[in-house]
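This document opens with one chain alone, in structure tokens, the form predicted on its own.
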């Protein structure tokens, strides 16, 4: 690759120069003119420019002692950046024009650039990923060895498995154990194994989802991933191969299955066996063919079942060996709230999901419908608590969880305001995750209080 070619490669695809590009150049008081000299070295000089966007010409002030060549392409660039002490930079933007000059007048033929007000920095970075991968592939070919980006083992494991999302497992499992304890059944080591086994299953599902989303092209098409959406992207960034992800997923599923079989052997419960099988089937079918539930708009329902009745009832059955109405009713609450986490997290991914044929609910329905659906589902979750307590199915202290309702309203308002802005929506997504944690925590405290009061009476 020649120096000129390297200089002309851009993160945003180049396009034919248009009047709008020249108008952008006119907004900069100074420009940099660059070219490759006769010895093959890049050369740059600062100057000023008068732009005639209508005529498609730029008149460059002749730089003193360094004439602009007329026998080769030159690059004219205007840029701006503002340093922010203790933060970094903002207001970043640039425009580059390529073409020929007659010594003063410059007629651009190609243009490209970036304006942070039009494309946020994180999206700009994601759009640069394909170019980065091509560069590393070419470098690997030149060096005769594979060159890939690297993370420390700890951060790579954290990112690959999406470990922080294990709160979605902890809430229903701990609630299932708490309900069983309130019924007089609790064994600490089987409770611990249940939490570990459920965590392994969750991590395995996370990894398998990344595999199928990468293979389908959904992750590659996504240029606006956030802290809460877009998957781990370790395969997109070439941090881990598909083969490596597959091996990890199989190992995690294997560990979850071994713990599940041990618990089945200890409890002697075939009900637990079927719950475990159902959990793995639903988790894999979430993105894996042929069902690909999330691609058919059924992802929220799969998550509601998996992280609601399956997780909570499974934890309850480990302790008691039987099913019951109370844990089933309670399981609807985390099931709905965790499904709402997925529901909101799909909003910034809806355009790339649509491109990849991933017909999630935010892809299928209009913003007002999605916003209303969130509010209705949240109301249903809190109604389950209220009705369950009034009907005597759930203990009265569980009504304390209704105190978290304002958080759901805050998320609903945030969705309406930030629906089309992935990076401001990210704070709303974080609040939505906290909603599940707060409700789950309050329900857990309610059951602890019920257990203590029962023991004292």
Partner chain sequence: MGWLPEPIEQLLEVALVGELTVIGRDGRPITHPLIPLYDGDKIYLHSSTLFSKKLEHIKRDARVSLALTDPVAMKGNTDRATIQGTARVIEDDPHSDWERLILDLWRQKEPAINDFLKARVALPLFFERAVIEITPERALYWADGKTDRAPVETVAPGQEAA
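The shown structure was predicted, so the numbers you read here are calculated from the model rather than taken from an experiment. Residue numbers count along the first chain shown, from 1.
The same protein also exists as the form predicted in complex with its partner chain; that form is not shown, yet it is the one meant from here on.
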Requested in this report: With its partner chain left out here, work out from 133 to 141, 284 to 292, 380 to 388, 203 to 211 which stretch has heavy atoms within 4.5 Å of it in the predicted complex.
Outcome: 133 to 141
Query raised in the report: Exactly one of 324, 81, 185, 273 has a non-hydrogen atom within 4.5 Å of its partner chain in the predicted complex; which residue is it?
Result: 81
Report summary line: Only hit among 55, 403, 417, 64 for heavy atom within 4.5 Å of its partner chain in the predicted complex is 64
Query - Partner proximity in the predicted complex: residue 165 to its partner chain, non-hydrogen atom cutoff 4.5 Å - result: no
Query raised in the report: Hey, in the predicted complex, does residue 75 get a heavy atom within 4.5 angstroms of its partner chain?
Result: yes
Query raised in the report: According to a 4.5 angstroms non-hydrogen atom cut-off, is residue 239 in contact with its partner chain in the predicted complex?
Result: yes
Query - Interface membership of residue 397, its partner chain in the predicted complex, 4.5 Å heavy atom rule - result: no
Requested in this report: Identify whether its partner chain in the predicted complex is within 4.5 Å of every residue in the set 36, 125 and 148, based on non-hydrogen atoms.
Outcome: yes
Query raised in the report: Listed by sequence position, which residues of 17 to 50 have a non-hydrogen atom within 4.5 angstroms of its partner chain in the predicted complex?
Result: 30, 32, 34, 35, 36, 37, 39, 40, 41, 42, 43, 44, 45, 46, 47
